[in-house]
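Here's a solo chain for you in structure tokens, the form predicted alone.
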């Protein structure tokens, strides 16, 4: 999947219905792509079956249609790209960048960044790195290892975000993240990184994912893959100043008035006031007048309609 044309995407997980926070990411990425006469793809990040809600994938598409979104091409499902992820993991393993980790959550409870307990580089590099690579390959091919797999990230990561400005991560951040879970599922950071590097020119998403972006850039650099341009918009907060999410029981978009909710999201994103009376005229005006430079940096409370 390659294109010289602006290519954006919206990539929800099918763990429940879309909410106002989802709409902000969808709207910002959609307007930015269409304003640049670009493509806008819909990708369903369905690589976590234990958290997936039955019917959520089709529900997401139905909601986006009701709100007037139109994506290009067929819907992309991460669950159909397992061989692609496996190939990329093998490439990383051949560079001796991966290692097994059997750390429990309780052992890591007091560490915001992984401290490298299982990193073979802290032990006997030549012997343990080769043995680690063999164990990792077993996990990649057969899933017969009761460990997670981490990638070694030893360099500082810097990038320019078009909304949040210059970002830099060093002094151990973002840390050696998990790329394959103990239950043999591909981790979000790995799958999202290689998918975004595979033809996506611009990523617009919530600012809560800034540190995740640093990890994903490290993966892309290790694989010599293309790095998209990033724009991290502010996230919407509830009355308790928690991020709107399925975990915080955010109201489903399906239960909200469509045009009024679109206009509220538009205002939240700092855009000029629109005087429209339908969903079609909203999008016509929104795409024409969209200005990424007007998007605020700070997250804020979203007032329910």
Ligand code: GLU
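Given the structure is predicted, the values throughout are model-derived calculations rather than measurements. Residue numbers count along the first chain shown, from 1.
Same protein, other form: the form predicted together with the named molecule, not shown, and the subject of what follows.
Among heavy atoms of residue 97, none comes within 4.5 Å of the named molecule in the predicted bound form. Although the partner is absent here, residue 150 sits far enough away that none of its heavy atoms falls within 4.5 Å of the named molecule in the predicted bound form. Remark: residue 52 does not count among the residues lining the named molecule in the predicted bound form, judged by a heavy atom distance of 4.5 Å or less. When the named molecule is considered in the predicted bound form, residue 85 lies well away from it, no heavy atom lying within 4.5 Å. Remark: of stretches 68 to 76, 153 to 161, 184 to 192, 111 to 119, the one touching the named molecule in the predicted bound form is 184 to 192 (heavy atom within 4.5 Å). Listed residues 235, 209, 92, 133 were compared with the named molecule in the predicted bound form; 209 is the one with a heavy atom within 4.5 Å.
Taking the named molecule as it sits in the predicted bound form, the stretch 4 to 31 comes within 4.5 angstroms of it through a non-hydrogen atom at 9, 11, 12, 13.
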